[in-house]
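Presented as structure tokens, the chain that follows is alone, the form predicted on its own.
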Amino acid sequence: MAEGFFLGDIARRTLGLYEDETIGVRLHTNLRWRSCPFVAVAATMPATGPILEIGCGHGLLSAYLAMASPEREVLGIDVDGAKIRAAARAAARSGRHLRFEAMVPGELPQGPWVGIAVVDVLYLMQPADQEELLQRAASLLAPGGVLVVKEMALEPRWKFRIMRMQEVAAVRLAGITVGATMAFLPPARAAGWLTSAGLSVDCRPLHAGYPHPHHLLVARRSASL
């Protein structure tokens, strides 16, 4: 069974930050939590210091990171102003070092960051733009910092087909996710970009217990730089 179906104390408190939002936001954040391995993603991030989430949406991962450790200083950015406003209201309720900002496409706040997370964002960009984003994010890492990328793999094929149909509905029909394109690439492609940026990369399938082919790349900057 996927980890998202068993809500621990931190997860319950994180979702509780959105309890005063509209039913649409509450429904979306609850479904999003249960369909994405946020706990596994969060476990790869440093417990202290400045952390950036690129493409944070309603801010679930950022909020969870901040709620799990008050020694983290978390900033989430996104191009969707409505989601950022909901995330900012959640941050105000959190009592943590948590904030959100709307950014224009391609803009990233200056580091250095001890941790950067990019979760289900790259597929909404063309391959060349995906590579540029990862290279720029890598350049913002502090020595010893970690860049975590969670995307969908192309295998198992049946899980990929299910996920792709859902994303077509979310992006092109319902407009839930902002994006004009969908470009799903094999994880090895992004791993190669991160390696060329000077990071060591660990590839981890995360789809067990989920109907979607989640895959995690954990890329680290050498601490000796």
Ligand SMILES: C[S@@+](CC[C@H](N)C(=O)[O-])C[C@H]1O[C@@H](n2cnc3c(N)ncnc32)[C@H](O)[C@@H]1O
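Owing to the predicted nature of the structure, the values given are computational and were not obtained by experimental measurement. Start at 1 with the first residue shown and count on from there.
There is another form of this protein, the form predicted together with the ligand, and it is not shown here; the text below is about that form.
Heavy atoms within 4.5 Å of the ligand in the predicted bound form map, among the stretches 135 to 143, 102 to 110, 67 to 75, 88 to 96, onto 102 to 110 alone. The ligand is not shown here, but in the predicted bound form it comes within 4.5 Å of a heavy atom of residue 124. In the predicted bound form, none of the heavy atoms of residue 82 sits within 4.5 Å of a heavy atom of the ligand. The closest non-hydrogen atom of residue 131 lies beyond 4.5 Å of the ligand in the predicted bound form. Contact annotation: residue 119 falls within 4.5 Å of the ligand in the predicted bound form, judged by heavy atom distances. Residues 32, 38 are the ones in 15 to 44 with at least one heavy atom within 4.5 Å of the ligand in the predicted bound form, listed in sequence order.
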